[in-house]
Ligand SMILES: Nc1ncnc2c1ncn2[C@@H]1O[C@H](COP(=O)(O)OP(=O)(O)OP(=O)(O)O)[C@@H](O)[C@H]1O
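Only one chain is included here, represented as structure tokens and corresponding to the form predicted alone.
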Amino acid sequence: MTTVLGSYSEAGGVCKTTHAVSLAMTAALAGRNVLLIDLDPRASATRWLTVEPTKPGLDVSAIIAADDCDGWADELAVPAPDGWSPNLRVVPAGRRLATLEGQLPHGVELRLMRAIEGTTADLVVIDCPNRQGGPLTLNALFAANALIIAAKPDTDGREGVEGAYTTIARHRQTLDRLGSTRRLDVLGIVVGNGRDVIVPRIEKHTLAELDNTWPGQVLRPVIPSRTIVREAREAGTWYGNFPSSAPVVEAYAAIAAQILHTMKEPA
């Protein structure tokens, strides 16, 4: 069974895309067949991997806009470029996605789930939009069977986590009302951009708040901040190709191991 993992937060700039790309790449390097879906209108993952659809318009917006989208995810996926893992494919976002959201009718929430069905991937990772609701967020939540919640150790990061848990709780209620057997498990809060030498007081305070409010949900280690991650992202390359990124690579490997182990455990 394919696991569909979403990286979610309701705040921007909290490492959501970095988590999605890093965990997808980490799993691909470990030999898994991974499909990364960019569902964020900002298209940050698409720009980072410098991928383009095979033809104009054949991006993730085609799935969301079409009612006959069954199995389209594999059809629209493109290989990650050189310097990334050959086990990684990407369904890119396009310009249309940014304007499409407000034009969609009701009842389109299952299109991404339908597009993923039958995929050959072992693991699908969705870079979710940072929305409280709306058709794109609902497509992500219906498609995913597991989520990580992205955060930074600051006030914005904490508020994004709080909003995410509220939306997830409402979505679970919707599933119950529908009599659905689908699950949406939260595998934990992944905190990025942390200081690992001299930790500022605000970071210590925020981590303590996260631990106290959602006991046992904050996964360790905290992903350390390194300039090479930002530089590689701007250059469209995988930061793991550079030795100075080793602490970040090791941290994501540890987080990925926990997540993949949890996903194997019986519900």
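Start at 1 with the first residue shown and count on from there. In this text, all values refer to a predicted model and were calculated from it rather than measured experimentally.
The discussion below concerns the form predicted together with this ligand, not included here.
Visitor: Out of His205, Arg220, Lys55, Arg230, which one falls within 4.5 Å of this ligand in the predicted bound form, going by heavy atoms?
Guide: Exactly one listed residue reaches within 4.5 Å, namely Arg230.
Visitor: At 4.5 Å between heavy atoms, only one of the stretches 39-47, 65-73, 212-220, 196-204 reaches this ligand in the predicted bound form; which one is it?
Guide: That would be stretch 39-47.
Visitor: With a 4.5 Å heavy atom cut-off, would you call Ala24 a contact of this ligand in the predicted bound form?
Guide: No, Ala24 stays farther than 4.5 Å from this ligand in the predicted bound form.
Visitor: I'd like to know whether Ile259 contacts this ligand in the predicted bound form, with contact meaning heavy atoms within 4.5 angstroms.
Guide: Flag for Ile259 set to no.
Visitor: Taking this ligand as it sits in the predicted bound form, is Cys15 near enough to touch it, meaning that at least one heavy atom pair lies within 4.5 angstroms?
Guide: Because a heavy atom of Cys15 falls inside 4.5 Å of this ligand in the predicted bound form, the answer is yes.
Visitor: Please run the contact check for Ala11 against this ligand in the predicted bound form: heavy atoms, 4.5 angstroms, yes or no?
Guide: Taking the distances in the predicted bound form, the answer for Ala11 is yes, it comes within 4.5 Å of this ligand.
Visitor: Is any part of 109-137 within 4.5 angstroms of this ligand in the predicted bound form by a non-hydrogen atom, and which residues would that be?
Guide: Sequence-ordered list has one entry, Asn130.
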